[in-house]
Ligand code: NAD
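A single chain comes next, written as structure tokens; it is the form predicted on its own.
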């Protein structure tokens, strides 16, 4: 850990006229997503314009020099809300008393890896991080998993943190939701701000299902605005394959939009979604027939720091087929990491 970082954190003071600083941990903090994410957190976009933060940044040892550069830039940006910065390669330090954790760092998928290889490569990382969260994080911590395969990585971290309620673990499908909103906005010619309540079922993978049946476009039902053939064809396909399309076009993965979606996810969880339906992958409690414990994206509303699954929505045969498809894939992934879910 950087000695300079410790000193900066030790100088944090809590003035009586402002909120107490919260501790926000980010893993993979020197990576592309982490780099894009940190400035949004530091500026107040995530936790509020009056909420001071202490940034606790985790990197692997080979990334520590790069992290030092990121920390230099954060200090040079002179954000008023940043009351301290800690940089470390020790998860027990990064997660100490953390109120919010962004699990961004994971091994990226290479061209010769299939999804099962990615699950196997990243699983042990999230075992260790889950144990560290269990040992040192705040009992009220909110954890979002961004590193892929994020649903199953969240499942592993959750299983290895028995002290922390499962409801405080989540995986990010907000990027898929934002992509769906973007496609509806482009296709209808209205701003994204006029698109409401399209959400994601399932896995952050190409099987996920952006459900348009309850969405509105400038006050009109999306199902009245768009043709069914488009909603079940080009719309679904574009959202499902958008990540690959970005890589083909810009030669790198979608870091900025992923970071923005992570901010959206945590902001709504922390500050509330103002009645809007948003997508969050949560450990299932049996909602919509999804097996208990499986980390699955559901329609949610957030209020007072709690995410609540919207229950009782009608499920047509097409939606049910997509839910079933995602359950099958996630069950296979859970079986593949079964040994990592047993706490030793």
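Positions refer to the first chain, counted from 1. It should be emphasised that the depicted structure is a prediction, and the values quoted were computed from it without experimental measurement.
Separately, the form predicted in complex with nicotinamide-adenine-dinucleotide exists; it is not shown, and the next lines address it.
S.K.: Ok, 195, 146, 143, 156: which has a heavy atom sitting within 4.5 Å of nicotinamide-adenine-dinucleotide in the predicted bound form?
M.R.: Checking each option against nicotinamide-adenine-dinucleotide in the predicted bound form, the one that comes within 4.5 Å is 146.
S.K.: Quick one: of 150, 137, 85, 200, which gets a non-hydrogen atom within 4.5 angstroms of nicotinamide-adenine-dinucleotide in the predicted bound form?
M.R.: Going through each option in turn, the one that passes is 150.
S.K.: Decide whether residue 105 counts as a contact residue for nicotinamide-adenine-dinucleotide in the predicted bound form under a heavy atom distance cut-off of 4.5 Å.
M.R.: The answer is yes: residue 105 has a heavy atom within 4.5 Å of nicotinamide-adenine-dinucleotide.
S.K.: Is residue 52 a contact residue for nicotinamide-adenine-dinucleotide in the predicted bound form, using a 4.5 Å heavy atom cut-off?
M.R.: Because no heavy atom of residue 52 falls inside 4.5 Å of nicotinamide-adenine-dinucleotide in the predicted bound form, the answer is no.
S.K.: Just to confirm, residue 74 within 4.5 Å of nicotinamide-adenine-dinucleotide in the predicted bound form by heavy atoms?
M.R.: Residue 74 lies outside the contact set for nicotinamide-adenine-dinucleotide.
S.K.: With the partner left out of view, is residue 310 within 4.5 angstroms of nicotinamide-adenine-dinucleotide in the predicted bound form by any non-hydrogen atom?
M.R.: Taking the distances in the predicted bound form, the answer for residue 310 is no, it never comes within 4.5 Å of nicotinamide-adenine-dinucleotide.
S.K.: Can you tell me which of 275-283, 24-32, 41-49, 310-318 lies within 4.5 Å of nicotinamide-adenine-dinucleotide in the predicted bound form, counting heavy atoms only?
M.R.: The contacting stretch is 24-32.
S.K.: Is it the case in the predicted bound form that 100, 160 and 294 each bring at least one heavy atom within 4.5 Å of nicotinamide-adenine-dinucleotide?
M.R.: The answer is no: none of the three residues contacts the partner (heavy atom, 4.5 Å cut-off).
S.K.: Residue by residue through 202-234, tell me which have a non-hydrogen atom within 4.5 angstroms of nicotinamide-adenine-dinucleotide in the predicted bound form.
M.R.: Only 204 sits within 4.5 Å of the partner.
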